[in-house]
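This document starts with one chain, in the form predicted alone, laid out as structure tokens.
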């Protein structure tokens, strides 16, 4: 029986350790490998020093079949990955004229020339193969020794992803190290807390001895992963278990795989050949941003209005001034008027609105910071809901956005259950 494939990733960069930049590379690489039936076993973040990178590399190279490094291939003084790896492997750094020509050609397209500092990118450890960088300068590098593979990738996100998809994935597939199916089945839920979700699914999942189950909670969403574990369940059996979970969850079931809440809303609108508009106060455009992050959103998202102060609510949405004076901007009445106003101005059959106290100041004893009203406009009527999120300003805005999307999602499902 062949030994299990072990994958280690070393992320280099002081900016990661200082909290100046998010480590999006791990998210990307983890997702890519899972899609192809394998998982990353370990990931470590180290600083830019040669000593730190060398120490991390020695450990990973001794334990893993595939080692990937991210960052540290550029032209500046803190780009030390090649130097550290060459030192660890006892290899020399050789100047590569082909790399120089490729970099010079890329820079020429942008009206630039390769200077002495940039030539640092033209060195590679002896015996390493070059992986073409189609969108940047520093190439990726590949090294194989005793059936172990070392892959060096640059730090810029666009460059790393282009090299990985164009060069790394095909080579790993050709070597028979990847599969044609994911390593697990996953589905997403919305609007049900993790503890309630686990309690609901427990009797369904406990009946399958050895089934691997994992939960991952996000804002008002929970992901569930199902994998064979020691049970040796087939892929078809996992799919049957997923179907059982879907039936038990009803409207709390969002979808399979990578489906997102805004993506699901847009798909439901597509099924009705309908469009949506939004009016935002406390969410400050986040609701519209979340929808427009989905490619093709313009087919079913008409647009939105951010009316943060009362004058704009009156001028842009036609909210009656008397309504604002009588009930206040944070009220069910104003949420309803905002939703109706934006639906009228954008000529959409559906609309959402948000108004609330995002804090840290404002609010009252009756309506403390975190109080949010959401308005929902549909061909069948118009309503408002009061919600309370006693959290930070950022989280209040995010939860209000997801609550609004989840409300219209459930209403659209009710209108068209098929």
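Computed from a predicted model, the values in this text were never measured in an experiment. Residue numbers count along the first chain shown, from 1.
There is another form of this protein, the form predicted together with a further copy of the same chain, and it is not shown here; the text below is about that form.
Of the residues 218, 173, 272, 327, just one reaches a further copy of the same chain in the predicted complex with a heavy atom at 4.5 Å or closer; this is 218. Comment: a further copy of the same chain is not present in this chain, but in the predicted complex one of 201, 305, 122, 233 has a heavy atom within 4.5 Å of it, namely 305. Remark: residue 315 counts among the residues lining a further copy of the same chain in the predicted complex, judged by a heavy atom distance of 4.5 Å or less. Although the partner is absent here, residue 207 is not a contact residue: none of its heavy atoms lies within 4.5 angstroms of a further copy of the same chain in the predicted complex. Contact between residue 384 and a further copy of the same chain in the predicted complex is not found at the 4.5 Å heavy atom cutoff. For residue 37, no non-hydrogen atom is located within 4.5 Å of a further copy of the same chain in the predicted complex, even though that partner is not displayed. Of the candidate stretches 362-370, 28-36, 65-73, 349-357, only 28-36 contains residues with a heavy atom within 4.5 Å of a further copy of the same chain in the predicted complex. Residues of 396-412 placing a heavy atom within 4.5 Å of a further copy of the same chain in the predicted complex: 397 alone.
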